[in-house]
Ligand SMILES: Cc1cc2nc3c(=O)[nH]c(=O)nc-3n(C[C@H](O)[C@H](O)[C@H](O)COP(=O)(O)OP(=O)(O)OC[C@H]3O[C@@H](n4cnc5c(N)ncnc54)[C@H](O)[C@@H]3O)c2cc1C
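The form predicted on its own is given below as one chain in structure tokens.
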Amino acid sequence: MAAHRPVDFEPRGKLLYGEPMCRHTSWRVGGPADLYFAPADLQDLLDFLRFRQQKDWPVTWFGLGSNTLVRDGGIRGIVVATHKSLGEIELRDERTVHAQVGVPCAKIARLTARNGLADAEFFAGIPGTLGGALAMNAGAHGRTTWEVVHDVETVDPGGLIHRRRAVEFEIGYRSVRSPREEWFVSAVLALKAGDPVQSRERIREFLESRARSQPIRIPNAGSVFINPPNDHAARLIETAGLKGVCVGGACVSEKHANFIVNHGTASATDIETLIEQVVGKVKQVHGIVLQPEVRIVGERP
């Protein structure tokens, strides 16, 4: 589809043509999306998906833009931006929280702690939205998203909503599989009673640990590689002599070897080339093939 051709649909939300994705990724790189759609609310999204089905345009879902590398050639089809669009969160009762996929994980941690619910403090260490956390079973501090998921709402390509139980998905380490082509729109989290003071202290400790160990002040996308069984990607990368290695403006972080940072001039191609070099060197030194945790989307230039 051509980025400059107007579509015959008028959403209540924001619809942009040829939107540079570098404005929406935590790495600050990425070419233009043909269409960038930020729905006004869930109903606006459903209406647009029903319209989109007639055109059969591909859909790429986007939250805060962490854990994602958009190639310099950009994204064909539609980017659906959920952050600020699907951002509702509420306490259902004394043990459960309902949140839409555009809610930042950090907000889930803060709200639940403030209301005396425990088991969600680890979300403070996930720099993305609930949607991304659901899609990849994101985790931090020894806990993972689907440990606290009771059920989810999904939407199919025709814009119909479905409620699915957690047991209907195949959950693994940084992976979630479904037998259906559906996308997450919300989740109910089952938590337990806790002490607000203790939960807030735990969150503070998590954030301080993250600030000490990760390059949070330099554009990055979080952990680049999945930890292999019984090992850590950062250890393998560091012992392969890769800390500080650069391609253009993209460098393996000196602070944490499983992070690639953008020192201001990196392109998506620089970052992807560096990822490939890290994989090759670690395989050569350790005989282990690292698997990317970051999602790589879009077209090469």
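Since the structure is predicted, the reported quantities are computational estimates derived from the model, not experimental observations. Residues carry their position along the shown sequence, with the first being 1.
What comes next is about the form predicted together with this ligand, which is not displayed.
J.: For the chain seen here without its partner, which of 88 to 96, 108 to 116, 191 to 199, 128 to 136 has a heavy atom within 4.5 Å of this ligand in the predicted bound form?
T.: Within 4.5 Å of the partner lies stretch 128 to 136.
J.: With heavy atoms only and a cut-off of 4.5 Å, decide whether residue 57 touches this ligand in the predicted bound form.
T.: Residue 57: no contact with this ligand in the predicted bound form.
J.: Is there a non-hydrogen atom of residue 140 within 4.5 angstroms of a non-hydrogen atom of this ligand in the predicted bound form?
T.: Yes - in the predicted bound form, heavy atoms of residue 140 and this ligand come within 4.5 Å of each other.
J.: For residue 187, is any heavy atom within 4.5 Å of this ligand in the predicted bound form, or not?
T.: Heavy-atom contact with this ligand at 4.5 Å: absent for residue 187.
J.: Would residue 203 sit within 4.5 Å of this ligand in the predicted bound form, counting heavy atoms only?
T.: Because no heavy atom of residue 203 falls inside 4.5 Å of this ligand in the predicted bound form, the answer is no.
J.: Quick one: from 250, 35, 233, 64, grab the residue that has a heavy atom within 4.5 Å of this ligand in the predicted bound form.
T.: None of the others qualify; the residue that does is 64.
J.: Heavy atom within 4.5 Å of this ligand in the predicted bound form: which of 210, 150, 84, 164 fits that? Just give me the one.
T.: Going through each option in turn, the one that passes is 210.
J.: Using a 4.5 Å cut-off on any heavy atom, which residues of 256 to 293 would contact this ligand in the predicted bound form?
T.: Stretch hits, in order: 259, 293.
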